[in-house]
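Next up: just one chain, as structure tokens, the form predicted on its own.
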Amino acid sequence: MRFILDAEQKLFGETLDKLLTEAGTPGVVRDWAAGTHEPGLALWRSLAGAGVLAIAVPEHAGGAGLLPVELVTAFHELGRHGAPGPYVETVAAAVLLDRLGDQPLTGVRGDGPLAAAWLPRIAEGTAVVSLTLPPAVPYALDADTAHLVLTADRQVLHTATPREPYRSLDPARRLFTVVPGDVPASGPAVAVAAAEAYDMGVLVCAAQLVGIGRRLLEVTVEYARTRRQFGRPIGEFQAVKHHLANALVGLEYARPLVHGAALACGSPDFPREVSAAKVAASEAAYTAAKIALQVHGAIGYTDEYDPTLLIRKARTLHTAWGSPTTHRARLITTLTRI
């Protein structure tokens, strides 16, 4: 199946690419990893101003309405540039809050309806939100920078506070366990909303992975054209060509699955489609990262080399929001019900 973005969607992606390039995102990533968050938060606000978060928020709350294809386009660019921060978690939280509607909110910077208090702030970029959905998403990403941390466990939604962080292979991804606090909502509606939030998180995480894989393939091809060995560019050697071709094939198979899942949003097939997309995107990005490391050699291990940031992120996102094994099992379950 072939998916082609329309002119507005292409322009949206190109605008974000330019914004992220001009922001010097690799430097922002390194600052974020070192604990200097203001450049990353400034980038967050800039991206929100371009509409990245508004397309996850309904119109009545100040957003543009949930636009899955546009979200995939945005997160593809976030992945290509390795933008730091809990973007996936904030989008998933926006879906969760929207589905819960006017449940009361207590104990979090003032009282008021849950959705009304936070969705407008998410859309405008003034609220960073982290989220856990145990057992599938057990850690809150960058919870120490978030204005709101939520944890939805079965039929209970808690506000939460971060506890100790865990080290990640990607130093720009800080994972926290959380301590559950107040209960702003409970009941079957929480379980339903959490399931929808999870599926949206899986979708945009898969889009990020495809973006990471594409960028790694681009820089690896360019390196293979310029790096010479035995008097020839290494890209002329058949073995290198085969590896690069394998990376491209994997990414080209993953991309339509991600877009197909976006188009299935709101249908009963959405959970199945996002699981298929996550499996393909995880494996394709991981393969691209492995080949990038092999082709670059020792330079691919150095922190000073920008593609290393993406190589690390590809590995950590491989299992984030469900590993390929988890989603294969989910696919088998859904297919056996048909």
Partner chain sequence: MDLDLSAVEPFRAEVRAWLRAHVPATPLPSLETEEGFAAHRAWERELHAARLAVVSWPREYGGRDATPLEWLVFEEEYYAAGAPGRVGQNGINLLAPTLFQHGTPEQLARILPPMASGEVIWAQAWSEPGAGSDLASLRATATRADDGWLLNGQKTWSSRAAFADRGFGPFRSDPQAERHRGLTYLMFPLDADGITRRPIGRIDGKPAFAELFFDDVFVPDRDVIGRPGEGWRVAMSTTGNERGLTLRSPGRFLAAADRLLELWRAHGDPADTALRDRVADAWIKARAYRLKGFETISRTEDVGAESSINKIFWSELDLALHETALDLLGPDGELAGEWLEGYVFSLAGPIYAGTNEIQRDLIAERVLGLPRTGR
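Positions refer to the first chain, counted from 1. These numbers come from a predicted model, not from an experiment.
There is also a form predicted together with the partner chain; it is not shown, and the following applies to it.
Which residue among 224, 146, 265, 115 has a heavy atom within 4.5 angstroms of the partner chain in the model of the complex? The residue from 224, 146, 265, 115 that makes the contact is 224.
Candidate from 56, 28, 292, 276 lying within 4.5 Å of the partner chain in the model of the complex - any heavy atom: By the 4.5 Å criterion, the partner-contacting residue is 276.
All of 37, 139 and 164 within 4.5 Å of the partner chain in the model of the complex, heavy atom check: No: none of 37, 139 and 164 comes within 4.5 Å of the partner chain in the model of the complex.
With the partner removed from view, which of 69-77, 198-206, 174-182, 229-237 is the stretch that lies within 4.5 Å of the partner chain in the model of the complex, judged by heavy atom distances? Single hit among the candidates: 229-237.
Given that the partner chain is not shown alongside this chain, does residue 99 nevertheless sit within 4.5 Å of it in the model of the complex, heavy atom to heavy atom? Because no heavy atom of residue 99 falls inside 4.5 Å of the partner chain in the model of the complex, the answer is no.
Does at least one non-hydrogen atom of residue 242 fall within 4.5 angstroms of the partner chain in the model of the complex? Flag for residue 242 set to yes.
Closest heavy atom of residue 246 to the partner chain in the model of the complex, within 4.5 Å or not? Contact check for residue 246: yes, within 4.5 Å of the partner chain in the model of the complex.
Report whether the minimum heavy atom distance between residue 134 and the partner chain in the model of the complex is within 4.5 Å. It does not: once the partner chain is placed as it appears in the model of the complex, residue 134 has no heavy atom within 4.5 Å of it.
Along 3-33, which positions have a non-hydrogen atom within 4.5 Å of the partner chain in the model of the complex? Residues within 4.5 Å: 3, 4.
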